[in-house]
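Heads up, the chain below is alone and in the form predicted on its own; it's given as structure tokens.
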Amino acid sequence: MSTAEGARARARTEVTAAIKDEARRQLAAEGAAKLSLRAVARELGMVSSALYRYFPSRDDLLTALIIDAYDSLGEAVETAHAAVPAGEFLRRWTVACEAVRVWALAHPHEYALIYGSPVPGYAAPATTIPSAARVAMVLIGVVRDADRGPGLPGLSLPAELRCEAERMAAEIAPELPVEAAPAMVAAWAELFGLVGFELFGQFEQVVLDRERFFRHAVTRLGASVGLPA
């Protein structure tokens, strides 16, 4: 790469970062539904036609912000989880879950973008899936490792749910026992329900010691997917 090409690449990276930063500011102030490329361009002193060279549409900018948010959350969870000894399965689970909460409290508007109300008129493309799956892959990995080690005691499955459980397992975690799949999906939903309730105010005057409550709740979720204490 020539010196001129390198300078252009750096300039493009810097402008892209500035566009994303201003878009995040607008998300915090107005919400994702009101995100406007023209407004972003105006705040940056750019003509809108110049901004379209970086993001052809509002949806392209939203997608970039969503991928960034998922990757930031995924990196936080992976880093926290990696610090726990491999054989401490329940602690690996709770530390990963606690990292989700800590990240969400530090990035409430980005959390709302990826786990809040859908943005009208926007459908996330398949390019968001690898980033979105990072947290799930950590939790699935914990349960997989426990299954290969001491096992997953106490898991059961009603006969009427077996067909659906087999479908779930084949699609999301074929390396896990069929009995674990519904428990994992339920735990996933409850984890983000707990975080969302805290972040969006539903625990006001209900849960005061939220950190201890959350730790207790996600420990019970770990037990529900069969992790040994």
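These figures come from a predicted structure and were not determined experimentally. For every residue, the number given is its place in the sequence shown, counted from 1.
Form predicted together with a further copy of the same chain: not shown, discussed below.
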| item | value |
| --- | --- |
| a further copy of the same chain in the model of the complex: contacted by all of Met168, Gln202 and Arg215, heavy atom 4.5 Å | yes |
| Arg10 within 4.5 Å of a further copy of the same chain in the model of the complex, heavy atoms | no |
| Close approach of Pro177 to a further copy of the same chain in the model of the complex, 4.5 Å, heavy atom | no |
| Ala18 within 4.5 Å of a further copy of the same chain in the model of the complex, heavy atoms | no |
| In the model of the complex, Asp68 touching a further copy of the same chain (heavy atom, 4.5 Å) | no |
| a further copy of the same chain in the model of the complex - contacting residues of 89-106, heavy atom within 4.5 Å | none |
